[in-house]
Ligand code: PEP
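Here you get one chain, nothing else, as structure tokens; it is the form predicted alone.
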Amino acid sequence: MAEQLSLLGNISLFRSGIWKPRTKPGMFEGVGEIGLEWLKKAKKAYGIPVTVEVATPQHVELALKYEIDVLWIGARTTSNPFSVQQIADALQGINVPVLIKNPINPDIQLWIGALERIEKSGINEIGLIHRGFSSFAHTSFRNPPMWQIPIEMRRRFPEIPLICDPSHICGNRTLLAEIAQKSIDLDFSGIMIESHPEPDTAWSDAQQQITPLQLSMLLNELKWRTHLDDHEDGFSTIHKIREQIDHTDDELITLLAQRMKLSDQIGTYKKDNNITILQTERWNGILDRLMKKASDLGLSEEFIKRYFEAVHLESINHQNRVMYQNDTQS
């Protein structure tokens, strides 16, 4: 694999799961320490820096012993602050880059907490890996991307590289290119994709792996974007459009404030006449009407549903405050 990947010419890190945390016992959990020796040989032979996942202080010690270039913390480990702190303690005084995957569940504070713990250990080179989030609902993804969370991490920590892991997001080969391209369009710093000489015979996650040749084709088909700062002529054009967006956003905020004042009036009427706040039939009618209008205007029904569910919840909160205002004051 190292030989084939080295021929591609655009691989920055050779990633290998030496220890594989599995959901259930009895599943393949990696080859262990002997794999570190293999990685060291591959690195020496083909000049590709290597990286492994670490979940315990012992993993950190062994990885450094075999001159692993970059460490990464997996999603299961990120979900446990105790485990992250143990790794952070093991990294005290050590100069090695560390990548941190998002936690399994969509909890941005856990992700930030892991980042802060590793920073406090003295590690200067840190990156983030977006691998999607577990969901009980059935979707086309193994781990739905929930892009709003990595986008928010990007907003809060613009100086920290953010890498996308389409393999774990998709859980299959068919969607890899789509997710990889979307991450590039969102200004991610790189992508992490699983490759195997014979994917169907892989001992873990076979359905999401591709051959080096397929990886090469995927990378060549991706459209790599440039940053806005590199387009001086286009900046003024985008600036004018952004000004229009800002004005529109201001109008939206004003309209939402007006809507909530109307909700306050509705709340007063319901209180005076002893009427329940939630009127399901009315809400269903509003949602059906807006969904049809959204479709006619070329808006995503999913977006409109999420948006107005949030508006409806805020309206209920306003009516609740009106309903119990006097009781609270007394």
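Residue numbers run from 1 along the displayed sequence. Given the structure is predicted, the values throughout are model-derived calculations rather than measurements.
Omitted here: the form predicted in complex with the named molecule. The next part is about that form.
A heavy atom within 4.5 Å of the named molecule in the predicted complex is found for one listed residue only; from His196, Arg117, Arg173, Arg131, this is Arg131. Of the residues given (Ile87, Ala75, Val98, Ala180), Ala75 alone sits with a heavy atom within 4.5 Å of the named molecule in the predicted complex. Just one listed stretch, out of 31-39, 258-266, 292-300, 66-74, contacts the named molecule in the predicted complex at the 4.5 Å heavy atom level, and that stretch is 66-74.
At least one heavy atom of Lys20 is located within 4.5 Å of the named molecule in the predicted complex. A residue is said to contact a partner when one of its heavy atoms sits within 4.5 Å of a partner heavy atom; His318 fails this definition for the named molecule in the predicted complex, lying far away. Along 1-17, one residue reaches a heavy atom to within 4.5 Å of the named molecule in the predicted complex: Arg15.
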